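Just the one chain here, the form predicted on its own, laid out as structure tokens.
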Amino acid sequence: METAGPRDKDNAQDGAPGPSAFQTFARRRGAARGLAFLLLLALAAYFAPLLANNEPLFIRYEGVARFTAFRGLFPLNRLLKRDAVSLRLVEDPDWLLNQRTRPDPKVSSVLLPPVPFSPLQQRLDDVNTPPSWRTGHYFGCDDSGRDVLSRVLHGAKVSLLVGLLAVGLSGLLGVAVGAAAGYAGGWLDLLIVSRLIEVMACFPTFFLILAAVAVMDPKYLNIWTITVVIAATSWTGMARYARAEFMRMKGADFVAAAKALGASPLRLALRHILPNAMTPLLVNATFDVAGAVLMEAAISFLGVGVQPPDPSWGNILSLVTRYWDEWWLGLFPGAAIFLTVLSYNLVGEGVRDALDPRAEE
């Protein structure tokens, strides 16, 4: 933790206002770098169809200019149908890659993404190809000839969405349950909520998730079901934080004043207590996102998460257990998981220090 310099001490003695939460966060270099990495990763995940794809960014096909790869961006992928170029690539995924050796007279010009391979594109000649600038497979290929860099970029969407959505859902559930127990107290807290939290806490979250997904049909194991399962089994921590904060604040003077003015219990909880309890909840949620990313990678690594051929960092990493000599199958997805979890933890520490008034003491 950084200590206050002489100028900060002079300002404090002179009664000058201290640094804002944003300034405190920005001064934590680790937190700022972690946030920058996460923003860069989010941009890479969103623009993955333009960065790694066998569909062209621009092509003049049969005299018509087309921007086929842009159809992969949300929400265009839900609104626009496949054009003639996309349909041709479904029949022959290597069609545009072979333009130099087998030029198509219907194609007058073409611009491919920086990584001209789809995450699902299998090339038998590239099976277990090591990383090479000459071949264009910068992270190598897996046992099916699929480009690892393309799969890592497209798999980032899975990790980020699962982390954010799972923590969002578990946070809503945990805060609702914990707030009800902490504010109401009495039999609702002692006989129902606290006992429910204790029962859920008895089971290790990871094994509870494994048990839940193990009984599901593999065709339903996708990003959405994994998100719901992680959220439904990891809300107890947030519930405990919310319960403790509501129990601590419901007797505060500002709550008593609002109650004297006729505020309803729901208004007291949502308008007065919850905003003042958000600091520990927000900090805890930031750390929970890192845990959710790691959880999704772990269950996909074990084969009960996102199912191939859909890319996920966990199922890419799992291939190294079968091909120990292909080190790139473990290095690159493992590095992506490590850097993402580390960045979330650094951001969580920065948020904690920025929102905690005692951090500057």
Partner chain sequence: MAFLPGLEAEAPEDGGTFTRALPADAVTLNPVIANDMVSYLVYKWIYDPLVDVDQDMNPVGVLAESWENSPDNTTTTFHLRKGVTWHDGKPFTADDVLFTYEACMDPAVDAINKRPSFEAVAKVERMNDFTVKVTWKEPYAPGLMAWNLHIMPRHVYAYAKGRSQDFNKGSADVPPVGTGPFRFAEWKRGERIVLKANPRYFGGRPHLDTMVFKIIPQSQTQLAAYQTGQLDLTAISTEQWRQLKADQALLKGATVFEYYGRQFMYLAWNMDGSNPFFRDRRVRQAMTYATNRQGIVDKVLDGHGITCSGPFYPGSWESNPAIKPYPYDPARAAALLDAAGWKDRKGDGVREKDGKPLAFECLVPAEVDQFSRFLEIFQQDLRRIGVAMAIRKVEWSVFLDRTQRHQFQAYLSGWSLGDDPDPYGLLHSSQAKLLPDGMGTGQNDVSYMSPEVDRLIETEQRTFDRAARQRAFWRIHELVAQDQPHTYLFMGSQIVAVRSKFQNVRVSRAGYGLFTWYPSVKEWWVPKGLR
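Fair warning: this is a prediction, and the values are worked out from it, not measured in the lab. Numbering follows the first chain given and starts at 1.
Omitted here: the form predicted together with its partner chain. The next part is about that form.
Q: Determine which one of 113-121, 244-252, 185-193, 159-167 lies within 4.5 Å of its partner chain in the predicted complex, judging by heavy atom distances; exactly one does.
A: Among the listed stretches, the partner-contacting one is 113-121.
Q: Given that its partner chain is left out here, which of 93, 136, 130, 280 has a heavy atom within 4.5 Å of it in the predicted complex?
A: Looking at the other structure, the residue within range turns out to be 93.
Q: Its partner chain isn't shown here, but in the predicted complex which of 77, 276, 144, 99 has a heavy atom within 4.5 Å of it?
A: By the 4.5 Å criterion, the partner-contacting residue is 144.
Q: Does the 4.5 Å heavy atom contact test between residue 29 and its partner chain in the predicted complex come out positive?
A: Close contact is absent here: in the predicted complex, residue 29 is far from its partner chain, nothing within 4.5 Å, heavy atoms only.
Q: Classify residue 323 as contacting or not contacting its partner chain in the predicted complex by the rule of any non-hydrogen atom within 4.5 angstroms, answering yes or no.
A: Looking in the predicted complex, residue contacts with its partner chain include residue 323, since a heavy atom lies within 4.5 Å.
Q: Just to confirm, residue 202 within 4.5 Å of its partner chain in the predicted complex by heavy atoms?
A: Residue 202: no, not in contact with its partner chain in the predicted complex.
Q: Taking its partner chain as it sits in the predicted complex, is residue 308 in contact with it (heavy atom to heavy atom, 4.5 Å or less)?
A: Contact with its partner chain, yes.
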